[in-house]
Ligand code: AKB
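Just the one chain here, laid out as structure tokens, in the form predicted on its own.
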Amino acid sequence: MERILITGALGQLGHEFIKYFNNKDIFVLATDIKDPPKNLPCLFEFADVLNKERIDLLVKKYKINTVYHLVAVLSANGEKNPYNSWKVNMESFQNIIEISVNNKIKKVFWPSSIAVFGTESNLDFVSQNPAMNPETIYGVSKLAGEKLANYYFNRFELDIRSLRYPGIISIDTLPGGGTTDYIIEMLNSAKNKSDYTCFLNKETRLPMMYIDDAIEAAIKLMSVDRKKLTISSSYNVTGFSITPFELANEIKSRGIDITVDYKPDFRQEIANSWPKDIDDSISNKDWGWSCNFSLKKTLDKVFN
């Protein structure tokens, strides 16, 4: 049976993985550096993943055999302190890798990001293996992590599996400091019947994915026979692409009155180096990936 450790468990993805595994009656140990909600449906231990000895102790204590390592400083927050961002993103990943090798962990899930691409990646439709020149410390650290995943698979046969997530849409958790956070902020403003000031210009097209698809993609990837996988770094996945202006119009078409102003800030430059659309055909070929949530179905979930 799987015995799962989730690091960074109180973030956007962590909450949803906990709910999914709880419904499947799978053992989960959640860790984070902030206090958990009282109704968290799994065991929780306060632990900083930069403290390798603490995480190693927990892995041994709870007989962990699978890790979902979700700790990361995201793109916009990362630019505020790139030195700390590199430390958190990379040292934590290296700690998990070393602990996993030493404890014979079966599988590791580690999310990458569309931030790994860049202006040389044909941003209109980014392929699985384009030229990459990330322009944020977040993107640089994620690309480095992809290279490490490939290296440690070849060196130690450590089974690290990864997805290059686009913007992830969920309403139950607050935005975490990413460049695609505008979509969650605008949707929450619409639900609360308040106006919204967008930090990107209205024509900025970015790929998005509803949270249920994000979780299903990870679970599906983690369950497939390793022999079917041709990628040892990270797989492209996506849902749909949209601009802030198109989103505002879709919201208004549902009879919701919202005024959106556009005042781009430093996150606009980040967004300009990210894909408009993504080719995830290799994910479809290797492990049968396809999204379930279109823009319409996503908004149906948000507003119903």
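The first residue of the shown sequence is 1; numbering continues from there. Predicted, not measured: the structure shown is a model, and the values here were computed from it.
This next part talks about the form predicted in complex with the named molecule, which is not shown.
Among residues of the shown chain, residue 74 is one whose heavy atoms approach the named molecule to within 4.5 Å in the predicted complex. The named molecule is not shown here, and in the predicted complex it never comes within 4.5 Å of any heavy atom of residue 118.
Within this chain, residue 165 lines the site of the named molecule in the predicted complex, having a heavy atom no more than 4.5 Å away. The closest non-hydrogen atom of residue 134 lies beyond 4.5 Å of the named molecule in the predicted complex. Proximity to the named molecule in the predicted complex, taken as heavy atoms within 4.5 Å, picks out 179 to 187 from the listed stretches 228 to 236, 212 to 220, 83 to 91, 179 to 187. Along 255 to 291, a single residue, 274, places a heavy atom within 4.5 Å of the named molecule in the predicted complex.
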